[in-house]
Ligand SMILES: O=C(O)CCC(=O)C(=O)O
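In structure tokens, one chain follows: the form predicted on its own.
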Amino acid sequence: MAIRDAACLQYALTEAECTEFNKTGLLMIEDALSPEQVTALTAATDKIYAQQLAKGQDPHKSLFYPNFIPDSPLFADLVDYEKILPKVWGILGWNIYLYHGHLIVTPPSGQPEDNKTFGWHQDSGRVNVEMESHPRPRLSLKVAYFLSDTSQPGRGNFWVVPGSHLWDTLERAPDSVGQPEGAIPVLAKPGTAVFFDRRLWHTASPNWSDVTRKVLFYGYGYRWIRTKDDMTVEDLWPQSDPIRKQMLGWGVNCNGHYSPTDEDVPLRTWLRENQPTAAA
């Protein structure tokens, strides 16, 4: 279900969603995936997880698996998913692509619940040291598709401090006990898509439940940002339509990432015809 006609604009970013994202750095879209999509994507994820276990992955530790898009057409279909991509360009604009993707499988830890401070961070590493601005620039966002039920706490939930995307620092809990003030777990049922600003202070947490957590992460950023993982998606270009090719990193030449022509960014051409206010 790619971006092919104006019907996808029924999923465009609303004013209320834009306000929520700008205020909190977070936006949750329930039922973004149908139950059938969740089932199929879970099977594709389970296949990868089984392969990694066979290669020696510790069954008690989280699997962080980047560059998963080429592993299944189901994953590629979410790159330009009609229910989600219109909201992405509504936030970032049209000069964007998928600069990072990974899936995470978090099995039950088998450990008792504790109150140790989690690994709080902002995304993008050195960007947060080397960019000279306050607040730091948005630059990118991630969309997390939840395949398993994390609607209850203790299931390896993603934790956030809403509104912290405008903070350059985060006051940590003393003595590595407890979480920062305002921290909450993201409670998401299967099929939910969660958008979050890369600057949002966030963290994973241990899975103290008996439910294995499974999430797909799609990172969108400006085309002049380098990829964060290998992103070996060139083989998908020939079978992709122009907008998906853009999302998969195709371009005429390197300069086109900074000063794009219409050929570099077919999304802009499409927007001129279908949503002119977003094509500026």
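Numbering starts at 1 and follows the sequence shown. This one's a predicted model, so the numbers in the text were calculated from it and none came from an experiment.
What follows is about the form predicted together with the ligand, which we do not show.
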(message) So in the model of the complex, is the ligand close enough to Lys189 to count as touching (4.5 Å, heavy atoms)?
(response) no
(message) Residue-level question: is Ala204 within 4.5 Å of the ligand in the model of the complex, judged on heavy atoms?
(response) yes
(request) Verify the contact flag for Lys83: yes if a non-hydrogen atom of it lies within 4.5 Å of a non-hydrogen atom of the ligand in the model of the complex, no if not. (result) no
(request) Consider Lys142 of the chain shown here, and say whether it contacts the ligand in the model of the complex, taking contact as heavy atoms within 4.5 Å. (result) yes
(message) Quick check on this chain: which one of Ile104, Leu92, Val127, Leu74 has a heavy atom within 4.5 Å of the ligand in the model of the complex?
(response) Ile104
(message) Considering non-hydrogen atoms and a 4.5 Å limit, which listed residue (Phe217, Phe68, Trp224, Tyr49) is close to the ligand in the model of the complex?
(response) Phe217
(message) Only one of 74-82, 119-127, 132-140, 173-181 has heavy atoms within 4.5 Å of the ligand in the model of the complex; I'd like to know which.
(response) 119-127
(request) Could you list the residues in 172-196 that come within 4.5 Å of the ligand in the model of the complex, counting only heavy atoms and keeping sequence order? (result) Phe196
